[in-house]
Ligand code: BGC
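Encoded as structure tokens, the following chain is the form predicted on its own, with no partner shown.
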């Protein structure tokens, strides 16, 4: 299937956050456990699994022409080596619905949640995982490849290292010195929690539980990129014309005097060391929400008096344009904004965020930066992982008691911006 949509302007979701009842996934298992780190379970989430037609139609009516969503590995392969044809037919229906509504699907093969069985076999620190992931991606390409043009293999491939860095910072503040480059020793409270998690996955007590969102070792980081490369190559063997890339979580890194060296290290850790793995890719997915200011002592808090979002991020929509400009200095690959948005209950601030973010994207394109699209996070108010349903990122409000959809003014505003691209 080959269509030409020009600039991709749309929105994004992730399966576990919107579909509901993702019962074979590691996230579902962790949500249900006693003393879960999740504030609440996902349950029906936004019921997008059953209501995708309405949601896609609302996008089309607003003037959007692209939708990034994830195919849930835990649905497709609920047990190792056993595939569910009913779920393949479901996602085929979603892809067809996009096509019928003039929406270009941008498919993500892995967005944080994994099959429970994968974690029981060692998860994202296991040498077997790249092969398992490539096998799943090949299967999806065989079954659904004719409906797809754009595929993101792994969402935020760098997230595990970013989480590890946050964990190291926390431990240093607690007076614990972690080792560099290995899975570091956790404080007693964390070890007790990890022991409970191990039992959820049928692992011996004390065995590390390596979900995608576990602080990652350098070995695990390399395994992630091997999984990306193997999946890309496997899908290309089936569908050579697929445009395939990975996505990365990137801050707009700025410096104050004395912070230059630290800023360069953050950028290298967050992105530039991945470049050798991306040489055969067709695009890079860029995800940005705010900036990070580096000083002599490391990361600095947001400037005093700054507006912040529900997530505690500084309101800084200019970040996406700055990141795209920096990326263009390091790679010639096309750039696709796969996430950019704001958690707020004031939709006028979302509209302002979109306005200023798209001003930056448009300027980048005028300067010759190869930006092929902008996909806002998120289409729906959804399940924000450990934060539960308390954070509202959506262009469409969802009443969880009835699952009724109410488009916010920001949805129509985003659609109206298509004329500028």
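Positions refer to the first chain, counted from 1. Please read these numbers as outputs of a predicted model, since none were measured by experiment.
Form predicted in complex with the named molecule: not shown, discussed below.
- Of the candidate stretches 108-116, 203-211, 271-279, 86-94, only 108-116 has residues whose heavy atoms lie within 4.5 Å of the named molecule in the predicted bound form.
- In the predicted bound form, at least one heavy atom of residue 339 sits within 4.5 Å of a heavy atom of the named molecule.
- At least one heavy atom of residue 289 is located within 4.5 Å of the named molecule in the predicted bound form.
- Proximity of residue 311 to the named molecule in the predicted bound form: non-hydrogen atoms within 4.5 Å are present.
- Residue 103 falls outside the set of residues with a heavy atom inside 4.5 Å of the named molecule in the predicted bound form.
- Among 49, 28, 385, 353, the residue placing a heavy atom within 4.5 Å of the named molecule in the predicted bound form is 385.
- Of the listed positions (229, 156, 77, 252), a single one reaches within 4.5 angstroms of the named molecule by any non-hydrogen atom in the predicted bound form, namely 156.
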